[in-house]
Structure formats: C-alpha cells, structure tokens
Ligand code: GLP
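Given as structure tokens, the chain that follows is alone and in the form predicted on its own.
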C-alpha cells in the first residue's frame, strides 16, 4: 500500500483528482468505480474543473458506483443516484447510459445485486476503484462482521453507520437501515484502488489499516492483500494520539504526540538485568500513560541491530528479542520498532530543523557515531545495516581498530569517545597545558565539557586536538553529502550543545551549499520520532 500524505482536505482532493484523470488519459475507455459521501466531494469538484479546462475527457468511460441505500427513491436528495448527478455527472461530458448505480427502488434487491455483479463482469471489471473509509473501518457498506460477503449484496447498516449518516437526513429515523453494496471480493478484483481518508475521526482506522493485521472487524484491512492500493489521507486522519518510546542505555523516554504536538513526556530507568522484566517495566509505563492519554499506536526506538523484527543490542538485555511481539503480550495494539537513530532523524524531520525539508541526515555524536537517513520524507531501510554511518571507513590503511571488526571506521575518529581519547593523550604529553590542569583537577579524567572549557581558555593543546577532530568529522560529512545529496545534515549529541564552537568549525571547514545544523530537539528527538513511526 502506497501512502500519499496531504497537508489538508483540499490537497487530498486535488491529489485524488489527478490520479483519476491520469487513469482516464492513459485509458480513455476506463471502467471507474465511484464512491459517495463527504470525502470524495472535493475530488469531484476538482475533476469538474479539470474537465472545464479541457484537461480530461469523460465521454468514453464507464462507471459503477460502489453502493446505494435501500430502499430509497432516485429523486430523494440523499440517494447516491441524486448525489452523483448533482456533484459530477451533470457537470461533465459523461455518457449517462454508461453510468451504473445500484437500484434503490428495486422490488427484488437480491436479483438486482446479481444483475449488478454480472454487469461489472460484462464490462471487463473495474480499472480504478475509488473508496472512502468509515469511522468503523467499513468500505462501501461492508460493515465489520465475523464474515464478509464477497460480491454485490444487500446488507444491514450498523448502528454506528446509521448515526454517522444521520447528519445528512432530517433525523436518524429517516436513514435507510439497509444498502446495496459491492462486496469485498468485487472491490479486490479492481485493477487499482484509491482509498481516501480525511479528518481526525478516521485516525484510528487509518492507523489500524497501516499498522494492524488483516481482520474482519475493520473491513478496510482486507485491502492489504491487493497489489496496487494508494491511500490518500490528510494529516488529521494520519495523526491522532500516538506514543513514542525511546529506549536508551540509562533511561527510557516516553512522548505522547497529538496532531503533531508534544502533549506529555516521562521517563523510567533502563533495566539491564532481565529482558522480560525490562520489557514488562516499559509496558507498565505505556499502560499507565494510556489511562490518561488514549493513544492509538506505539512506536519504539531502540539501539542495536534489528533483523526481521528481532533486536540485538550490546548495552541492553536484548538478544534476538522480538520487541514488538513481547510488548504486545501486555498491550494489544499496533506497535512499530525501529533503530533509535532512525527515530531521532524522523523526529527532527517531523518536528525540528528538517520540518520543511525532504531529505536530511541525522548524525549523532556520542560514544559512537550514529545516523538516520530520511530521503523523500521516508526513513531509509536496508536488509541489514543501512544507516550505520559510524562505520564508514575513513582511513583505509593503518586505521584504528573498531569493535565491529573493521579498521579505520569513522566513529573511531569522530565520536566523543575518540575526542576524549586524543585529548587525554595530548594533555598527558604536555603537563603545562590548561587541558592537563583541568584533567588533573578532575581525578585524571576528561570529558567533552572540560575539552570545551580548555578551548574557551585558548589552550593550544586543546585547539590542536579539536582541529584534528574537526578534520575527521568533516571527512565523514563530505562522504555523506556526496552519496546522498541531502538538504541538510543535522548534528546531535551533548557535544553539539556547547556554544557555537563545533558548528562554526564544521561550517568553516566544509565548503558546501548543504545546510549544517544543530539538532533543535536533542534528547527529545528519539521519542518524538518513534511516535511518528
């Protein structure tokens, strides 16, 4: 399923109309399946405008409407026969004899369903089917049930659907209690499908559609088996309340996001003992948060390698642990797991510096060098180790050994660990330096803060180490720019927070039009990005 995420309903309507028009232009005698309701109205308005501008010709197409109330007279202004004529057919050059809508006035609805099904087959099936999605996940009038009818049929409407549609009638009693509708199999036989979803009241079912399993309680999930489905939704339908979980070596951070805004955050300590106990503690905090913030999805960012959903992390008790499955033992909902650096990049892309960009690379400078790559608005994933930018080889011969088994890896030169290592060695060799003085006063230990303190006191030893560190950092950044050509590279980690010393030095050494920025979100990026998985 391909997702087109739109800023608002107007953009959704425009995108949907363009896809329908493209189908007709490529195949002028297309058979188009049409939907009714509130959501497709904007699409129809755009199609009318395109016709008026001479951009699309409807004269040779054949249409089949998805459904119709039963019983209802064609002249009723709430019938779908009336709806289609009012919103589309009367305003374009369509051959009305090639339009088909189930007959809501028929005396024999079962015969009408068989006839409608045969007519679809006689016309060679549907090339492109337009669908909306109900608040309970229905498509057409295929309501949630333990079993779903396959072909065109008469169905009873659920109380939920009757209540939702009552706003179009004078009162709820006027809403027909049955409908004639294409069945799931009929819909799935369509060569292409466009599914439209708009509004916050659709966010739960959109989330289930994208992240949940196939189940008859949400009929739209049946579309997962179709090879060519495009979901077009606006941000209100895509969002809702989400929970992000950022698992770290010392703490686990939680962030609740609603409609693109952080509304709550918390944290717990990381349990490095038992894997089962650690997962249970994470689940308990998720459950506690859900009592106050009824989120619909959980995204989890974790260090380590993730292969087929199994996580292995050296600094956590995860050894080939299927994290999502284990958490689902306590929380029965959609759970997505990804690498923590990917989540941080997604967080910065959605909420931070990268909000108005399409392509960014997040580089985290800490114990190692981590990275997340966003291209065309999506996290880049590979089968194995994509995004492990810290293990780009920057010194091919005589390079420093790395724990990964290679030599000359970038993180051996550009991590904070590497900076501290080189600074420690340099100050021991020059005991008259400011850097050594700070080192000795701190029980013969250095950290990033002390190195920057020495730089601000104009220590030549600290400056020499730092300049060499910047050279190695820039080598790796140049490689990333040459390979990916991003709009921006965003640096994160404690070392990036200290004044402008680091960012100024990088920008001065790196002659590029690519923006080099410091993370706006810093420690919150991972949890916020996880929420948006």
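Quick caveat: nothing in here was measured; it's all calculated off a predicted structure. Here the rigid core means the biggest group of C-alpha atoms that line up within 1.5 Å when the two forms are laid on top of each other. Positions refer to the first chain, counted from 1.
The form predicted in complex with the named molecule is left out here; the points below concern that form.
Among the residues 261, 121, 167, 329, the one placing a heavy atom within 4.5 Å of the named molecule in the predicted bound form is 167. Of the listed positions (47, 473, 490, 66), a single one reaches within 4.5 angstroms of the named molecule by any non-hydrogen atom in the predicted bound form, namely 66. Not one of 204, 244 and 334 comes within 4.5 Å of the named molecule in the predicted bound form, counting any heavy atom. The named molecule in the predicted bound form is not approached by residue 448, whose heavy atoms all lie more than 4.5 angstroms from it. Using a 4.5 angstroms threshold between heavy atoms, residue 132 counts as touching the named molecule in the predicted bound form.
Contact annotation for residue 219: none of its heavy atoms lies within 4.5 Å of the named molecule in the predicted bound form. At a distance threshold of 4.5 angstroms between non-hydrogen atoms, residue 60 is out of contact with the named molecule in the predicted bound form. Heavy atoms within 4.5 Å of the named molecule in the predicted bound form belong, among the stretches 34 to 42, 50 to 58, 475 to 483, 500 to 508, to residues of 34 to 42.
For residue 201, a C-alpha deviation of 2 angstroms or more is recorded between the shown form and the other one after rigid-core alignment. Core-superposed comparison between the shown form and the other one: CA of residue 33 displaced by less than 2 Å. Residue 167: CA moves 2 Å or more between the shown form and the other one after rigid-core fitting. Put simply, residue 200 and residue 520 spread apart in the predicted bound form: their C-alpha atoms are 3 Å or more farther than in the form shown.
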